[in-house]
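In the form predicted alone, a lone chain appears below as structure tokens.
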Amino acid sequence: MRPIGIITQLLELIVALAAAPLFVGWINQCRAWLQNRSAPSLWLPYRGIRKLFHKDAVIAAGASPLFRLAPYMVFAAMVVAAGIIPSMGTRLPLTQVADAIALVGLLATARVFMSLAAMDIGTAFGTLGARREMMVGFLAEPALLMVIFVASLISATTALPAITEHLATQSLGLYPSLAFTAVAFLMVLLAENARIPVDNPATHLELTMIHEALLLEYSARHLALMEWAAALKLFNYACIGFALFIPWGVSTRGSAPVTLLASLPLLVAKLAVAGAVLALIETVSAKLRVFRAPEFLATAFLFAVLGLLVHLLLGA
């Protein structure tokens, strides 16, 4: 294992852990500006996590060990997922044992632990949120897998770094199949990360919550890990989108080691643009009813299938 690969892996993990709350803070700022409101501090997510880590945890009397274990499992799954995604470079030792399909499995594992923990206490809102979360995941995962399959057919591999390297080293061209799958991926990103129009991360109405309903019984360090994991999940999805659709600027195997440092400001620029776009989408969109979420995700799946058919029939 070459030292440059280890350095790339460690640097990506450090950047993901440090930048994920900042990315959420940037989206919140952009939303406030677009809605003509006073913007919260960019560092507010860090302060919230830090404050929660210094509090004493309050756990329900009927909580099982699963309830205590779930935050650590969810956070660990998001960290491992960040190590598989080539956000800055493609020389990642961790990806030798996990491809893009395993990445989807990691995301599904985190969802299962969150849902089981929400049902563990037996509260009405926790169980309701868990059922809704599993419904969204049941519909979003096939669309995400179809998006990855289209990119894997183009690159002849399911390893995400290899897909990124293949697309980044190709001459700039128009891929209609990737255009369709990009729309599908954006819809999946909004649904999987509890963003408008599927869910509102700032809501306080229990009956309309999906993701937040899963966290109602958590406090202190457990809630901090869950919030940090949610920020990491959004960061990971953004980096998956960069790897599949905007792969330029990452350090590839044939490039000099100094390009790894140059990829950091490019990643920051991509995140800044992506955060502004997400904030704009959430500002101009209205939240859907819960029962309309399947239609939204079915549309995402159809876009992904259209991308697959365009690639198979036209080779583009």
Partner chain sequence: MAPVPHSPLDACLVLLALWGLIGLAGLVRPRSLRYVGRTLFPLGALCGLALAAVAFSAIGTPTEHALLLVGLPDLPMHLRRDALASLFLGLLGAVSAGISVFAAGYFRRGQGTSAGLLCLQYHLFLASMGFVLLADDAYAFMVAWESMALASYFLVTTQHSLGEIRRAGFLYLLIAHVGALAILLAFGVMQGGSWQFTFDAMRAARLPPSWAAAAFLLALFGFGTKAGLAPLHVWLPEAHPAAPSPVSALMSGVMLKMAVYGMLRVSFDLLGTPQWWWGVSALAVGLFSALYGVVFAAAQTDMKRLLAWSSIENVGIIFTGVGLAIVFHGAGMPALAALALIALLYHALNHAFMKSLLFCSTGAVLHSTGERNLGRLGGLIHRMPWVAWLSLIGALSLAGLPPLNGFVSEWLLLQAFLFAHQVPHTFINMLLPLGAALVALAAALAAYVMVKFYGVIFLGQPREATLLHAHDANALERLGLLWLAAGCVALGLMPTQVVGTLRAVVRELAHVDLPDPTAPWWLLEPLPGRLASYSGLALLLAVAAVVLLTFLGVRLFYHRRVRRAAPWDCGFARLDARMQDTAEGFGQPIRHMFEPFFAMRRELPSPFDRAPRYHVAIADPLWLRLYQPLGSLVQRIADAFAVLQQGRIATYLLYSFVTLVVLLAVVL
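All of these numbers come straight from a predicted model, not from anything done at the bench. Numbering follows the first chain given and starts at 1.
We do not show the form predicted together with the partner chain, though everything after this point is about it.
This chain is drawn without the partner chain; in the model of the complex, the residue among 167, 223, 186, 79 with a heavy atom within 4.5 Å of it is 79. Remark: residue 113 counts among the residues lining the partner chain in the model of the complex, judged by a heavy atom distance of 4.5 Å or less.
Among heavy atoms of residue 60, some come within 4.5 Å of the partner chain in the model of the complex. Though the partner is left out of this view, residue 245 does not reach within 4.5 Å of the partner chain in the model of the complex, counting heavy atoms only. The partner chain in the model of the complex comes within 4.5 Å of no heavy atom belonging to residue 198. For the candidate spot formed by 101, 141 and 162, every residue has a non-hydrogen atom within 4.5 angstroms of the partner chain in the model of the complex. The partner is not shown here, but in the model of the complex the stretch 67-87 reaches within 4.5 angstroms of the partner chain through a heavy atom at 68, 72, 73, 75, 76, 79, 80.
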